[in-house]
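The chain below stands alone, shown as structure tokens; this is the form predicted on its own.
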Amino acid sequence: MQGLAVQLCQETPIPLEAAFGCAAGEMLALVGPSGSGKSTILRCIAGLHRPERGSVVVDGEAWLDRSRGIDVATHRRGVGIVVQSYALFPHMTAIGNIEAALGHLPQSQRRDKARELLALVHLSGLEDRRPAELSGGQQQRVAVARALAREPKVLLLDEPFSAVDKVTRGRLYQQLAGMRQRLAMPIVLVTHDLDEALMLADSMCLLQRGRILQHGKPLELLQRPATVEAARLVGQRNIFPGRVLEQRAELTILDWRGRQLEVAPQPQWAPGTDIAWLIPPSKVVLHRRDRPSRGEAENPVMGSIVAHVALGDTTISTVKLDGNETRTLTLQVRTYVAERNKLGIGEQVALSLLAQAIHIMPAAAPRKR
């Protein structure tokens, strides 16, 4: 099997129960809050941490297999690592930092290879600058070039963009995306930033307390989380309890505290099943006061705005719904739409919940007291 295959399990010091794969040329993002085990998993792959049980296999070669007593030393694993501090040698130039990682090549070949790697990360001409003379983004690219200098079989990125400003981060995203097309190796990215994972990764593992809650394409995890716990981790706000009433040919009908909701067909849920459901704030349709639309016929609800904030081009409103629902509903619209409709705290609004955007999940487990 080509690519990376990981199975890890331990109880202490950080619980781990994780299994995933990453193909050559694929970027996998490990996403979760602080303490969820993301960096520990990366350290297990690199050989810097040894789990109680598990295996790490790359292109069919076992780097770790606790059941067979296999534990390849870090310097023999063929990993390239970029950490958030970059860890460059401050007394060396950019090209010197890269040459230091080229010990496997004859001395006569190292300078040319280092120049080639600097060109790959768009730093030609800055070979003789020391880290203190480089910007944060330039230091990050030197760190990537140094990681690639070892000709790794796996590239590990541990929060590599967290130390640079937003504008620089955007440029680095573009450069990494372009560079990836020439890197035929698995790339594992550790990040707490969901937007970063959505922009860069081909697949994503959602982690909580060392356990993988869900593994799949980033957009699928965002829009179709498998559980309420996963939904909360990806920032979904509109999560409500309900019950499946019936399955029709083209609709699933839910009971929502006395209301009936029409949902795009999800026939795997039997009538009578208690469930949870969600709808993204951007899929809640605001009824225009001056011109109704056809979409407003879908699951209409009424309420009053209890919180309202403009965040640049986007405005987020929190709505207390009329009726029996005690949880609030979050509405997200473009700021010009909010201004045109005179949205504000205390305003009454009419909304529709798009049937196609409603996603059903298993009912939330009771919270432990």
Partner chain sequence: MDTSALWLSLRLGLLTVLILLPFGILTGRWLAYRQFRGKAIVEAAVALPLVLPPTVFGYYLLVAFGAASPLGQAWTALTGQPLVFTFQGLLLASVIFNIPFAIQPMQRSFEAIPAEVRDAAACCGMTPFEALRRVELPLAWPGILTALVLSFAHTLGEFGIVLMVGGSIPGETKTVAIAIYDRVQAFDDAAAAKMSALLLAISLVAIAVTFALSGRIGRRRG
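Predicted, not measured: the structure shown is a model, and the values here were computed from it. Numbering follows the first chain given and starts at 1.
Not on display, but discussed next: the form predicted in complex with its partner chain.
- By the criterion of a heavy atom within 4.5 Å, Gly258 is excluded from the residues contacting its partner chain in the predicted bound form.
- Its partner chain is not drawn, but in the predicted bound form it has a heavy atom within 4.5 Å of Leu48.
- Proximity of His75 to its partner chain in the predicted bound form falls within the 4.5 Å heavy atom cutoff.
- For Ala87, a non-hydrogen atom is located within 4.5 Å of its partner chain in the predicted bound form, even though that partner is not displayed.
- With respect to its partner chain in the predicted bound form, the three residues Lys113, Arg180 and Ile187 uniformly fall beyond 4.5 angstroms at the level of their nearest heavy atom.
- Only one of 247-255, 99-107, 213-221, 273-281 lies within 4.5 Å of its partner chain in the predicted bound form by heavy atoms, and it is 99-107.
- When you look in the predicted bound form, the only residue of Val79, Leu157, Leu207, Leu118 with a non-hydrogen atom within 4.5 Å of its partner chain is Val79.
- With the partner omitted from this view, the residue of Arg169, His287, Arg150, Arg129 that lies near its partner chain in the predicted bound form is Arg150 [heavy atom within 4.5 Å].
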